[in-house]
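Below, in structure tokens: the form predicted alone, a single chain.
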């Protein structure tokens, strides 16, 4: 059985990219769940840990790259929170889940395909 995957995505940066993905006739597997955020900078460490607690083996946060963030530093905040969540999981010895941040330029379908291929 495939691992349950939760993807938090920025509604400005990666939403467009997922939309374009459908034009390439690429569909998501049934084990992948998408959640839109107005900005990935709104994600909290608690949200990430709750996803793991709710049975997701992989949690991905897809935001913009450094200069593409509509809210200036949202992606940087998200990346720091992902790092904090990963640190907490390591400290308690929990290695059954992974949490990662990926920066995407809006419309960068090739990078998104590469990310999805790692799942």
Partner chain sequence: MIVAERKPIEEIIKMVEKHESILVLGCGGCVTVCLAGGEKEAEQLATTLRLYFQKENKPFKTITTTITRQCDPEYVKSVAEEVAKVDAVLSTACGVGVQFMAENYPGKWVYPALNTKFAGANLELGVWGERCGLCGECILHLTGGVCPVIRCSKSLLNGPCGGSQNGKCEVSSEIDCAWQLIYDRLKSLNSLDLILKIQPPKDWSKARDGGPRKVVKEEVRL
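What you see is a predicted model; the values in this text were computed from it and never measured. Residue numbers count along the first chain shown, from 1.
Quick note: we don't show the form predicted in complex with its partner chain, though the next part is all about it.
- No member of the trio 57, 100 and 117 reaches its partner chain in the model of the complex with any non-hydrogen atom inside 4.5 Å.
- When contacts are judged by a 4.5 Å heavy atom cut-off, residue 86 does not count as touching its partner chain in the model of the complex.
- Taking the partner from elsewhere, residue 82 is found to have every heavy atom lying beyond 4.5 Å of its partner chain in the model of the complex.
- Within 4.5 angstroms of its partner chain in the model of the complex, the stretch 46 to 66 places a non-hydrogen atom from each of 46, 49, 50, 52, 53, taken in sequence order.
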